[in-house]
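Quick heads-up: it's one chain on its own, the form predicted alone, in structure tokens.
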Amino acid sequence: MGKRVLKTKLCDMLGIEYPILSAGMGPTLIGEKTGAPVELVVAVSEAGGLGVLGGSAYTVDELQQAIREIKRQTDKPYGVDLLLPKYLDLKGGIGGADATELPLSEVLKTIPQAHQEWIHKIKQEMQLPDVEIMIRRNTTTMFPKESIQVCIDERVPLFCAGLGNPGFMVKDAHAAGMKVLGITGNAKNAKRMADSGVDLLVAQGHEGGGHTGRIGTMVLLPAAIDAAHPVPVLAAGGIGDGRGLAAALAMGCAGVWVGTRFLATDEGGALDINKQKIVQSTDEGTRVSTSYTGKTLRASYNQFHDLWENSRLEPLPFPTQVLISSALLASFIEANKTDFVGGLAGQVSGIIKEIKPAARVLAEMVEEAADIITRKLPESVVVK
């Protein structure tokens, strides 16, 4: 059998073969560059989808280097995902141009006393080692304006805002020949983003890994499609095989935005322990909590979730809460207390049983979806 053809208007918009994008996933801990690295981006794009770089852990210079490395390895379209938190001044970063690395142990002294005492209490009770992490104050998240300019200068085919509304940059992006994508978890925000001028919108349901909202994918998709019309909508949350892709297309989506399934690949940037958590998971093996970032975030269930819930502390605003989770998770990893470690992952973890190459994941997804649409669905449904 020849190569499958599975095209939507998304393929024509982005110049890709298949309507599948890998999510621009970021790291779990401060100091990591896990998630969606260059290798995953290239693998997905070369396989006919569109790989998206998770750029939140890079410095501005490293972001430019990563983009250029992608372009060196492939001539296929790709994307870059950055975080645009509301608290940041888009005219500049935090800390000024001379921003440097700071020890996490020093920065922790600036958080509320109750939170400091709780960290100390946990480390003492569990006899956790001290693990020093350096916090880089010149990351793309702290310098969004400069990071966006790098993407424009490098003419990144698709800019993705993993957090925040990128409408303010659409005009400049279009002038550089770029497309802009936003992500939403509800219909109200879908309309707001569509009105701001974005080219594409990802509607992510509650099932999704990482930062996620309250509305399930099946309910969110038609509402978001209606609210964002005529902006094309991609489905996210609970999609990990061809069945999910076929369902998204049947709902009226132009394509899919896939995170957890591509995280659990040979090229996926998750720590090995977190990949194994995904493979070993059941459909109830994830938890939504504010423990990691201060925002509602879904990750593989682990006992850190329980520690935080029992603390009865209020989460600190994003990204300050990340200081707490990074300090403890780094110590858990060092102490090999794997029951307290778990990375970002969606409920789709329950159907992922194998770590395999990203190209194979994409090919199998396309084949299964095409088979459902062309053969299985007509056989199982009678229409008169």
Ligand SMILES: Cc1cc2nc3c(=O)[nH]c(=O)nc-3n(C[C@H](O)[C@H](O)[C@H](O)COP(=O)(O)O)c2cc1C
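All figures in this text were calculated on a predicted structure; none of them were measured in a lab. All residue numbers refer to positions in the sequence shown, first residue = 1.
If you look for the form predicted in complex with the named molecule, you will not find it shown, but the lines that follow are about it.
A heavy atom within 4.5 Å of the named molecule in the model of the complex is found for exactly one of Trp257, Phe159, Tyr292, Tyr78: Trp257.
Only one of the listed residues (Gly268, Gly238, Pro144, Gly185) places a non-hydrogen atom within 4.5 angstroms of the named molecule in the model of the complex, and that residue is Gly238. Segments offered: 119-127, 207-215, 169-177, 304-312. Contacting the named molecule in the model of the complex at heavy atom distances within 4.5 Å is 207-215. The closest non-hydrogen atom of Pro19 lies beyond 4.5 Å of the named molecule in the model of the complex. When the named molecule is considered in the model of the complex, Leu221 lies well away from it, no heavy atom lying within 4.5 Å. Remark: Gly26 counts among the residues lining the named molecule in the model of the complex, judged by a heavy atom distance of 4.5 Å or less. Contact check for Val44: every heavy atom lies farther than 4.5 Å from the named molecule in the model of the complex. Shown without its partner, the chain has Leu344, Ala345, Gly346, Val348 in segment 328-349 as residues with a non-hydrogen atom within 4.5 angstroms of the named molecule in the model of the complex.
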